[in-house]
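Quick heads-up: it's one chain on its own, the form predicted alone, in structure tokens.
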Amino acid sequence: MKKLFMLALLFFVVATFTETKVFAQEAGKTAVNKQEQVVEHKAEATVGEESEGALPSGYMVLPFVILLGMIATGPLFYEHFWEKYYPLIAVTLGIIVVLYYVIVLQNFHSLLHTTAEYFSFIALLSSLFVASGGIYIKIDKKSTPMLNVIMLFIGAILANIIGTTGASMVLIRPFLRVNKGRVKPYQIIFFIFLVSNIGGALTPIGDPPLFMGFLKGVDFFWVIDHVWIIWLPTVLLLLAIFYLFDIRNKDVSEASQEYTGKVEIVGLKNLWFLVIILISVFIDPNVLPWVPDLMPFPIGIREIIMFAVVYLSYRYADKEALKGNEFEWAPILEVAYLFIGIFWTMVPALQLIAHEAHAYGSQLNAGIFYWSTGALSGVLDNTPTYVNFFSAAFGKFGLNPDLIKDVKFFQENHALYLEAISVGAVFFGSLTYIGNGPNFMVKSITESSGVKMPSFFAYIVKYSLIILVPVFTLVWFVFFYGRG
């Protein structure tokens, strides 16, 4: 808990510094006379356009590539070194990018935006992680392929109600306990596919990229109206593939063990904390105009509520539930440290990608938007990837993504493109461990339970390329090929 607090404090100090500097520059303009103010404003506007609009050097993508490479190879080739020093490595690589943007580009806006996104990201993940950690589900049933299919399908539906993170944290431990004696890595991989990613494609609550679309003006029920026809066959197909794997898995637990068939839930009071988290998602000035903006601070009322839930839900959690879930802070700390590096080091990559997407937007059809958004969501955080291609699609049709009337026009008249971007961002987050926040958390919880998970590369080669890519290709062929 102390490490997580120090981590948040580091980000808060950096973000507050950048925000305060920009805020002070704006406030300082009122201290000069009218003529000087006009001149200064013009000069600053020019400098601002040059600095904030300047593209980073291609070499600045290297910190992200290095971090990605070490995440992939560290646990495989230098496990003890990586386990000891990964927080320092992630933060150091991130700071290299921060210094480049501050000193060379003098671009504080991009850093502030990324830092604010990180706070929102870690506030949501940590609050859902802790609140769900106090809910202990005991399923006293014999593990069978059909029971596993039912649990995964329930998880996919639940992901749209409490988010992929909430559903993952509530169900991963019961899923592991039910399969005790026959748990295998492939079962957890399919859990990541269906519960931690693809399942949450139907509502803005389900996955952060869709929530960003909601904040920009996409109707709340637009996603389920347009994506369910893609979501349902994809989920059913993956469940069928999982069933074929699972029927070959033998139970090595004691045959004499008896089961009552009961399902018991301990710690139901933590459900109220989950409700608070879901309500707080909408406490944002962009959604509710009466919500105060806390500038120059990099967090808002929403994040304050979520961080409060982290403390309160742990403080008042049922001790039996925490013990039954073997609750520990390691999984969320691992995500927090690694995603510091990911969020900061990916800024140059995202800027360069956004530039290319806007430059060639007129040449991109719905299929290309689907594959581009998807492929990059697998190795970059899928939320900013969604936002970049969302903006590029608007540019293709001469629309402004910041105008509500243009967003309404786009979702009604160019729905195919919004479908492609939405599905690509959510579905493809399952391609790698870093494609979506819950992926790493599920991996960490599983390994802490004694199950050896595939390495970063093995995950991609043995599961993503063989299972997901063919399924996603089929989705493209049926729904997007030759359209747009």
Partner chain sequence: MKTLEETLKNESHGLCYGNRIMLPFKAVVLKIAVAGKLYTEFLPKIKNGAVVNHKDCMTEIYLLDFDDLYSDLSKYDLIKVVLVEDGKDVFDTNNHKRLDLRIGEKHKVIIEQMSDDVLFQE
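For clarity, a rigid core is taken as the largest C-alpha set superposing within 1.5 Å between two forms. In this text, all values refer to a predicted model and were calculated from it rather than measured experimentally. Residue numbers count along the first chain shown, from 1.
Although not depicted, the form predicted together with the partner chain is the subject of the following passage.
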> Does the partner chain come within 4.5 Å of a heavy atom in each of Lys180, Leu322 and Ser444 in the predicted bound form?
Replying inline: yes
> Which listed residue (Tyr386, Tyr136, Phe211, Trp222) meets the criterion of a heavy atom within 4.5 Å of the partner chain in the predicted bound form?
Replying inline: Tyr136
> Of these, Glu83, Glu356, Asp140, Glu412, which has a heavy atom no more than 4.5 Å from the partner chain in the predicted bound form?
Replying inline: Glu83
> Should Ser455 be counted as a contact of the partner chain in the predicted bound form, where contact means heavy atoms within 4.5 Å?
Replying inline: no
>> Within 4.5 Å, heavy atoms only: does Arg302 come near the partner chain in the predicted bound form?
In response: no
>> Taking the partner chain as it sits in the predicted bound form, is Val61 in contact with it (heavy atom to heavy atom, 4.5 Å or less)?
In response: no
> At the 4.5 Å heavy atom threshold, is Ser57 in contact with the partner chain in the predicted bound form?
Replying inline: no
> With the partner removed from view, which of 97 to 105, 396 to 404, 278 to 286, 326 to 334 is the stretch that lies within 4.5 Å of the partner chain in the predicted bound form, judged by heavy atom distances?
Replying inline: 326 to 334
> Judged by heavy atom distances of 4.5 Å or less, which residues of 436 to 460 approach the partner chain in the predicted bound form?
Replying inline: Ser444, Glu447, Ser448, Ser449, Gly450, Val451, Lys452
>> Is Phe327 displaced by at least 2 Å at its C-alpha between this form and the one not shown when the rigid core is overlaid?
In response: yes
> Once the two forms are fit on the core, has Asn148 moved its CA by at least 2 Å between this form and the one not shown?
Replying inline: no
>> Once the core is aligned, does Tyr314 move its Cα by at least 2 Å between this form and the one not shown?
In response: yes
> Given that the CA-CA distance for Thr383 and Leu333 shifts by 3 Å or more in the predicted bound form, does it become closer or farther?
Replying inline: closer
> Are Leu333 and Gln187 closer or farther apart at the Cα level in the predicted bound form than shown, by 3 Å or more?
Replying inline: farther
